[in-house]
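Provided below as structure tokens are two forms of one protein chain, presented individually as structure 1 and structure 2.
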Structure 1
Amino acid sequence: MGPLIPNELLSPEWNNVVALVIGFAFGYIMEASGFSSSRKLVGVFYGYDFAVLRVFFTAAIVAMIGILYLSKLGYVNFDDLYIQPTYMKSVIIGGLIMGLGFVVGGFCPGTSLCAAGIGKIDGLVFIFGLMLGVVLFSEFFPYLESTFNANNLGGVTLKETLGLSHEWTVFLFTAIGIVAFYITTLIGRHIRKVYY
């Protein structure tokens, strides 16, 4: 599983069991948060439901604070963490395609699996489209490779971009999250007054 589960507590054979339990818990939390509903998911784009924004912001903040504390306790070394390289052109094009697919289809790849898991047909259709897109991208990759690898900025982080310490970066991101939660709550109240 990871360095936080010593072999004295659990033998390596239990790793898959722990992973399965975590997977079920994650799926349950997604379903309980309404992430199998395409209407709830696209609500962030139309301004009537910001649950998606709040859940993702919360996940990012918890992960940042968790990694920061684990580093302070000596469990994690920031230098050992792999940072996925940023290919700016690919990020922009991929973000536009995924955003359009999200608005039109009502799901992202993870939430479509959540919807399909409870038997929703639109989730299954979205997964089929996702797999078709992966196959087409793979087949046409030789023609797309130069675009895909363009503008490689390396492993860019907020800390390096802003020139702040890890602690100040986490604090700033958390503050932005709190402000975003507050603003989206005000917007949600206004929308409900106007339309409901």
Structure 2
Amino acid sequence: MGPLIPNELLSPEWNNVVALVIGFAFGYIMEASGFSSSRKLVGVFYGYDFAVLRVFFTAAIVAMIGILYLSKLGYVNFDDLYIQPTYMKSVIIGGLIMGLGFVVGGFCPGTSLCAAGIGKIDGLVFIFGLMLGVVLFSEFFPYLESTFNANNLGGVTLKETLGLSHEWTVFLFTAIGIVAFYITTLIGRHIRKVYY
């Protein structure tokens, strides 16, 4: 039963090979979807291009449904999957700062790698900025530590937090996604097509 590498059904030596192959596909899919262009990415915030919303929501919905099926059918043990801990305060503040960084810089970390990969200097500079941000965070860590560690709910899903079963979570998230796809398509009809 999966996950294969943690359960030692595939030897750990394969770990980095698997990482390279998965990463290659990750980069290819993002670039081919237009995520190497900052002007396309931020279109989601100004209403002229909703590619980010469509790709992101579709990927999340497909992954949720797939992982739920794999665990129901016994191919993967859901309890063995990594659920990152929810530190409510730091995830909200950190997320808002990332949102600001997104509209200022035009990328997120993954997409800046794609941009740099096809030779965009602004992508490369963004990556340099990311590293500076990490340094800044580390140097000020003593002042940030209490915020960083506040409100730890542990590795919880919406089942524990809201009492929403996984099935209902997937259903509601998919429904929200379909409504969002429909509304953004309506908005898109009124906006002139831009090439960048």
Partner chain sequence: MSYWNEDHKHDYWNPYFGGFLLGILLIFTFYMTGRGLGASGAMKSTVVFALHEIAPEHVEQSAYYSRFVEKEKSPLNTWLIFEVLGAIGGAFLSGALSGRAKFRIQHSPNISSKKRLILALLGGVLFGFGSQLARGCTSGAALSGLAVMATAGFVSMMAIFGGGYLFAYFFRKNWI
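Computed from a predicted model, the values in this text were never measured in an experiment. Here, residue number means position along structure 1's sequence, counting from 1. Each form is matched to the other, and the largest set of C-alpha atoms that superpose within 1.5 Å is called the rigid core.
Q: Which number, 1 or 2, marks the form predicted in complex with the partner chain?
A: Note: form predicted in complex with the partner chain is structure 2; the other is not.
Q: Look at residue 81 and decide if its Cα position differs by 2 Å or more between the two structures after superposing on the rigid core.
A: True for residue 81: a C-alpha shift of 2 Å or more.
Q: Superpose on the rigid core, then tell me if the C-alpha of residue 19 is displaced by 2 angstroms or more between the two structures.
A: Shift of 2 Å or more: yes.
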